[in-house]
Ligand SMILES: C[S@@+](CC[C@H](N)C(=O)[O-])C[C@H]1O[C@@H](n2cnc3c(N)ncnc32)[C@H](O)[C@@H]1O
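Take a look at this single chain in structure tokens; it is the form predicted alone.
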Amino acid sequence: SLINKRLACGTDINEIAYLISKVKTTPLNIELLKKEYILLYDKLKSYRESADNNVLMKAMKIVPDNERIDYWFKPKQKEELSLIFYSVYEIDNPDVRDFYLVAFAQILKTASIWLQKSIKPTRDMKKKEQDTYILFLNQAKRMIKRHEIYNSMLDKNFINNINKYRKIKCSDSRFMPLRDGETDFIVTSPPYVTSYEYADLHQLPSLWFGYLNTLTKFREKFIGSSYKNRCNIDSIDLKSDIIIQTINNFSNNKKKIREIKNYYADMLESFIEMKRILKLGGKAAIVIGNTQFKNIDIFNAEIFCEQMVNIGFRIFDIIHREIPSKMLPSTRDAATGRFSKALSADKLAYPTEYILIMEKI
């Protein structure tokens, strides 16, 4: 949107997603980034060459006291990451500091014992230890190059006054920071019902940045989380006959019924908010795939269309696409519905997805 000289608004309930979006869309002085890179390089080099316990003690003090950090990081990795974290926090310029915090966040999975090829929280106790300093410096160098390209594509007016054209907030998709009828177009890719916990994707930086105290509480705020507890949801109020049919298929699984109701109630409220902020004739593009749990099909795309039509949208277009590559578990066991290793699985998890183009009428 910004590159095409359009006003843009972005929201996400996840603090890390918000931080990444803020950094990626904020024009920064490249020379300032490079100058700070050299300072960080020199600091980390000195930490490597001389073990200064005083600096390490200062660094460890700013790391949140959370047992899950020790659960995911070996002592040596934790010490090195603490020194990087401390060095970044010493940067005075808040936008530059955030830039390097994102670089730090991006290396945490590789530096941890989180199973590298898994998006689910699985430990790999035999995982090879990485050089965290090299990981961080290389990540920062790549980001500087990409940011330089971004700056070159932006109009000068946007570079000089980005907050006039960009509104970005860490907030709930059911409460958007926009006026009624202010928006032309919405693009979103929501979580999948009965899928993995989206909160886990950014669990590691959330731990380091102090956003996560207890994992259960952290997960509650995310759409589609099985940890959310919404009481007294009537299936009829969910604006979809297909949802009622789906719930009937899970008649012997009260927990799954509660999850499904919670999910579609949250999504319906999000669609109502989309309708509020869209202009007449404005469109929403929603990327979603259908899912399956224990051989029971869940038709997310059809349900979304039905919900939205019943609150004042019409189907403008539906694009069906094969998924060439995606950061999703690639295989499921058809009998259990669980994600599994490729060799033991007998079906793809999400081989295709839909882009629903819905128009406000």
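From 1 onward, residues are counted along the sequence shown. It should be emphasised that the depicted structure is a prediction, and the values quoted were computed from it without experimental measurement.
The same protein also has a form predicted together with this ligand, omitted here; what follows describes it.
Comparing 129-137, 166-174, 144-152, 76-84 against this ligand in the model of the complex, the single stretch with non-hydrogen atoms within 4.5 angstroms of it is 166-174.
At a distance threshold of 4.5 angstroms between non-hydrogen atoms, residue 238 is out of contact with this ligand in the model of the complex. The closest non-hydrogen atom of residue 13 lies within 4.5 Å of this ligand in the model of the complex. Though the partner is left out of this view, residue 223 does reach within 4.5 Å of this ligand in the model of the complex, counting heavy atoms only. When contacts are judged by a 4.5 Å heavy atom cut-off, residue 189 counts as touching this ligand in the model of the complex.
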